[in-house]
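Shown here is one chain on its own, the form predicted on its own, set out as structure tokens.
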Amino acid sequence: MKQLKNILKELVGEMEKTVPYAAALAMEVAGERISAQTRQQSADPVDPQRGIVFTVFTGRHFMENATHDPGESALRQTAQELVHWAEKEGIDHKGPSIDPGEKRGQVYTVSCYTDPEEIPLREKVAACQAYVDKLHGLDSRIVNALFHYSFIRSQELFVNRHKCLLQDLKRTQSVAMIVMREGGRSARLHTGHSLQGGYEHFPIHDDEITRLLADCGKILTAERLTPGTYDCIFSPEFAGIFAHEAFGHGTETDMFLKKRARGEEYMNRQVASPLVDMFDSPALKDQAATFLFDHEGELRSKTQIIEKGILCSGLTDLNSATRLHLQRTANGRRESFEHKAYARMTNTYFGPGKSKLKDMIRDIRFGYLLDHPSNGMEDPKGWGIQLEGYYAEEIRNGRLTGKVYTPVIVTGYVPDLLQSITMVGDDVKISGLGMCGKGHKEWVKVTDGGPYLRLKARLA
């Protein structure tokens, strides 16, 4: 990556003799995935990616050309082809201007306290298998167990006329999953984490394993709840999937350009309870979706999406910010150098409030605490939402009864759910096992989270 800096800076300068703005992004991704299950083991490299994408703005349109060949002749040819296409398209030097940002050179490196490359593969496979054996030994009802470990390293270099930015991102993910069976019924549940860093993040804490076993055992004998509207408490994990779905794609401003998001109509309007703050930030310490700069060279910063119930900002990429005259946020992200940059979430979460969980439960006559989310989806245009989870624990007369129902489905209109929030917990937790697609493609790493939330929700 460091060897590419000079040639990319030179080529950007050459392209800007013809076009109003040019930039280059080099990406290299590698890693490993190891799984141990009850009856099999696997170890595979992450599909390696290496390439460079050049971007130009013609004064009318953004255009790109990419190559997987980092050799100087291939880079020159790729840049020259792009300029040629831009000239054929037509260049307007009086069109909107692209701000290249302040002059800046910076390197951001995620440290590994234990480098996975220094741990023999045999040892890592054995460590995964040890977790599987441990899970089976803890509960005889477990008929299948899985432990999955992965390590991803992404090196990225961004260059425009003012910036030369390099980031070396490293991410470790560990997931434990069990299937229990008893009396003809079965239940499945997982736990884990995804964090910046190396093999030091391989272990899953014993408390999480204990909780996994206990909650899966409760789900195994759980019934379906009676559909209806209830007082609910969302766990931090459930609050996270709510944040992701409610104001994820709905505030990605490329959706505003396409007139596919109702959120555009509510900018600077009340959409939630005054107790609600929501953020998207690639600057959170150690989180899996944290970085120094997005794939269009925007330096990381925290974006406040909702402030005291007011929808105050969307998430922008360079194209949507330029077209809609919006402030840039660090949300221009690509699946790879071969894919277009879109406005995408990073670490998305509800901000903290002032309430304790016990106080949120205390005066609920009949309701549910929802935990262990499994899936979610949103209709950005209609603003309907559906959240699915494995676990709804009954609350009666201000106490958790221990009676659990499964599965649980939350449906509703996003502003109705957000405006029904009456209490917000004082401790934010972030989880990061998921990936997010733009529809069915364009996958990027995201995290989400929040504190406990008390609200009214329609359950089924």
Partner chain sequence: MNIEQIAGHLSALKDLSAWEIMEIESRRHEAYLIFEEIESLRNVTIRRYKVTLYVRYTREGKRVQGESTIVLSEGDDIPARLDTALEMARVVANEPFTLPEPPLSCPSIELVDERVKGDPGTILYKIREDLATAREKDIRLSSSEIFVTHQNFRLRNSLGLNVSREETELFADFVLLAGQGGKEAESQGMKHARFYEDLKVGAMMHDYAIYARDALRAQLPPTGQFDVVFSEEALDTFFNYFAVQAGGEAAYQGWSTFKEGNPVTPSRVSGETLTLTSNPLIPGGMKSRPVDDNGLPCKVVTVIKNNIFQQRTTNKRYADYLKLEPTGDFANVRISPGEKSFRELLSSGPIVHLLRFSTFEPNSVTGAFSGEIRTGYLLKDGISTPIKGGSVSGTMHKALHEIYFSRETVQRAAYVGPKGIRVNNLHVAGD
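Predicted model only: the values in this text are computed from it and were never measured. Positions refer to the first chain, counted from 1.
We do not show the form predicted together with its partner chain, though everything after this point is about it.
(message) Partner absent here, but in the predicted bound form, which of 202 to 210, 330 to 338, 153 to 161, 298 to 306 has residues with a heavy atom within 4.5 Å of its partner chain?
(response) Selected stretch: 330 to 338.
(message) Contact check in the predicted bound form: Ser42, Thr67 and Lys441 versus its partner chain, with a cutoff of 4.5 Å between any heavy atoms. Do all three pass?
(response) The answer is yes; Ser42, Thr67 and Lys441 each reach its partner chain.
(request) Determine whether any heavy atom of Pro48 comes within 4.5 Å of a heavy atom of its partner chain in the predicted bound form, and answer yes or no. (result) It does: once its partner chain is placed as it appears in the predicted bound form, Pro48 has a heavy atom within 4.5 Å of it.
(request) Using a 4.5 Å heavy atom cut-off, state whether Gln419 contacts its partner chain in the predicted bound form. (result) Gln419 lies outside the contact set for its partner chain.
(message) How about Val179 - does it come within 4.5 Å of its partner chain in the predicted bound form, if we only consider non-hydrogen atoms?
(response) Output for Val179 is yes: heavy atoms within 4.5 Å of its partner chain.
(request) Would you check, heavy atoms only and a 4.5 Å threshold, whether Ile385 touches its partner chain in the predicted bound form? (result) So Ile385 counts as contacting its partner chain.
(request) Only one of His193, Lys218, His148, Arg260 comes within 4.5 Å of its partner chain in the predicted bound form by heavy atoms, so just point that one out. (result) Looking at His193, Lys218, His148, Arg260 one by one, just Arg260 meets the 4.5 Å heavy-atom criterion.
(request) Sort through Gln106, Asn268, Ser186, Ser97 and report the residue having a heavy atom within 4.5 Å of its partner chain in the predicted bound form. (result) After the contact test, the surviving option is Ser186.
(message) With its partner chain taken in the predicted bound form, which residues across 350 to 384 come within 4.5 angstroms through any non-hydrogen atom?
(response) The stretch 350 to 384, when checked against its partner chain in the predicted bound form, contributes Asn375, Met377, Glu378, Asp379, Lys381, Gly382, Gly384 at the 4.5 Å heavy-atom cut-off.
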